[in-house]
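What follows is a single chain, given as structure tokens, in the form predicted alone.
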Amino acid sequence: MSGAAPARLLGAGDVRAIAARIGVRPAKRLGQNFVVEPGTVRQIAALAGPFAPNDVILEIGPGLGSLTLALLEAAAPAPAARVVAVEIDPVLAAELPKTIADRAPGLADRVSVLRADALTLTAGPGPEAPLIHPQVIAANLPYNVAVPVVLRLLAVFPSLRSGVVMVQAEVADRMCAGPGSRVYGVPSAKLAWHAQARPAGTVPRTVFWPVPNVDSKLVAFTRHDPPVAAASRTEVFSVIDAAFGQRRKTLRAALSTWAGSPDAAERIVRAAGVSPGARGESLEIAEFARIAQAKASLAEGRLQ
């Protein structure tokens, strides 16, 4: 299969023609903005690769297939690498296999289209959740669900090692921000539990149809091990939520409800080796993990 002809990518005219033929207009409620410029999808596919033999590339929201075709083209040299495209829109999900068969016939057997909501996707098995173990995410994500989708997929699929997503510029900045940045917050810290995120380029509005009212950026991430701590992800994320729920307050105040009182919050934070006068925006993910662990240890009487 590595000798298959390259895919014929979709241009602006192709995208509009397919949409008109199947009666589709981009749905604002689903955050649908279709990419109409081949260079952009090739850039995303290149950033997502290189792909290894047997890799499963999970694409969220393939739409009319612009990025799907580019991913197939990039994955073609890797034996048995394939794309699982998850599409919530039933009309688009039904049309995508036809587009692949027409524009990449030699690679059509490398694609599986799954009609599902990425926010409810599981590792399966089941009739709506086949058993898949993806290694890579590649997606043009709807702006309103970008962070929840990425966090869920990283939590649900431990096999994932990396990914590239296109998101609203402001969301991208938050995803990649580090402690001390003015945009460092809940998305930054929670993503840091799973992976190292980095900026991977800007995307002009003109590559989309319809043209959005916001700018877009690419975010690349590579999975790493979570901080070494006895606390679970859920426990650590509850600390993050509390710390940023009152962003401008010190940890002693911001964590008071979570801990039970300001005094309890101070005791827990000090036990974790963190200053109770610090703010959440200054903490690394390992420090949030230590705070969660300290609370559990104090509750069990293992710390005095």
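The structure displayed is predicted, hence computed values, not measured ones. Don't overthink the numbering: it's just position in the shown sequence, from 1.
Another form, the form predicted in complex with ligand SAM, is not on view; read the next lines as being about it.
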ask   = Looking at D117, D102, D109, E170, which has any heavy atom no more than 4.5 Å from ligand SAM in the model of the complex?
value = D117
message = Going by heavy atom distances of 4.5 angstroms or less, which of L92, A189, V165, L72 would be at the interface with ligand SAM in the model of the complex?
response = L92
query = I88 near ligand SAM in the model of the complex, any heavy atom under 4.5 Å?
reply = yes
message = With a cut-off of 4.5 Å between heavy atoms, is F34 one of the residues that contacts ligand SAM in the model of the complex?
response = yes
key: Contact of A272 with ligand SAM in the model of the complex (heavy atom, 4.5 Å)   = no
key: Residue contact check: T250 to ligand SAM in the model of the complex, 4.5 Å heavy atom   = no
request  = Tell me the stretch among 197 to 205, 94 to 102, 227 to 235, 79 to 87 that has any heavy atom within 4.5 angstroms of ligand SAM in the model of the complex.
outcome  = 79 to 87
ask   = Mind listing which residues of 189 to 220 have a heavy atom within 4.5 Å of ligand SAM in the model of the complex?
value = none
